[in-house]
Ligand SMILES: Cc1cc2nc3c(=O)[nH]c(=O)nc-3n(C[C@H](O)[C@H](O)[C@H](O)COP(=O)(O)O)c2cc1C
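A single chain, nothing else alongside it, follows as structure tokens in the form predicted alone.
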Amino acid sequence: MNKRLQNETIDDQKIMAYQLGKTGIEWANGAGTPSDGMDTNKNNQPICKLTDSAKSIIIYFSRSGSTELLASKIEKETNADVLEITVKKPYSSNYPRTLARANFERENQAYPELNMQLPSLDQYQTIYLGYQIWAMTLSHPMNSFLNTYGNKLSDKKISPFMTEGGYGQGDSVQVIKEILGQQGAVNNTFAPALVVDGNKVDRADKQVSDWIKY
């Protein structure tokens, strides 16, 4: 059964996650996964939950809802602030079109332009970075985020979490470290990555609970 509509929320907004409940054959390791065509925001406002007291913040991008659902589980465990990465041109709901665009962006190093502002990160000790694995590496909106704001992440603990199609984290964590270094971020520490199959995020509660202890 395809669990297209979850009862879970993030910042009081309902989460759509299209591939949950699909079998491995149906899911085809993520190939063909549709989205709402607005990177989770067709019916929602981009998530921006900021407080004066949180010591950690979750910064994430989600195209089809699975990474957003994973972010919500981390938020519930940590009571962290939350900020969604948005781009000026959202990715298509049609998977082949998104794949063609992603291939072009990667081959030409033409990553998407952001449509967001980063608040001051001074109060935070831990930054949870949430993204997808695209072609065994970091998804492009997170790449854009780090290249734009990486110099703001000095002296932070970086905790990467990701959804993927069954082939693992690729070189994504190494790419994060390389970009942060290129952007001048210093004194970062890194938690082990949380890696969850995109069609199994609804079953990841224990995995999340164990991971945030690092």
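As the structure is a prediction and not an experimental result, all values here were calculated from the model. The numbering used is simple: start at 1 and walk along the sequence shown.
Only in words, not in the display: the form predicted in complex with this ligand, which the text now covers.
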Could you tell me which stretch in 147 to 155, 179 to 187, 61 to 69, 47 to 55 has residues with non-hydrogen atoms within 4.5 Å of this ligand in the model of the complex?
-> 61 to 69
Check whether residue 172 has any heavy atom within 4.5 Å of a heavy atom of this ligand in the model of the complex, and answer yes or no.
-> no
Considering only heavy atoms, tell me if residue 160 and this ligand come within 4.5 Å of each other in the model of the complex.
-> no
Using a 4.5 Å heavy atom cut-off, state whether residue 41 contacts this ligand in the model of the complex.
-> no
Are any of the heavy atoms in residue 80 no more than 4.5 Å from a heavy atom of this ligand in the model of the complex?
-> no
Select from 108 to 138 the residues with a non-hydrogen atom within 4.5 Å of this ligand in the model of the complex and write them out in sequence order.
-> 132, 133, 134, 135, 136
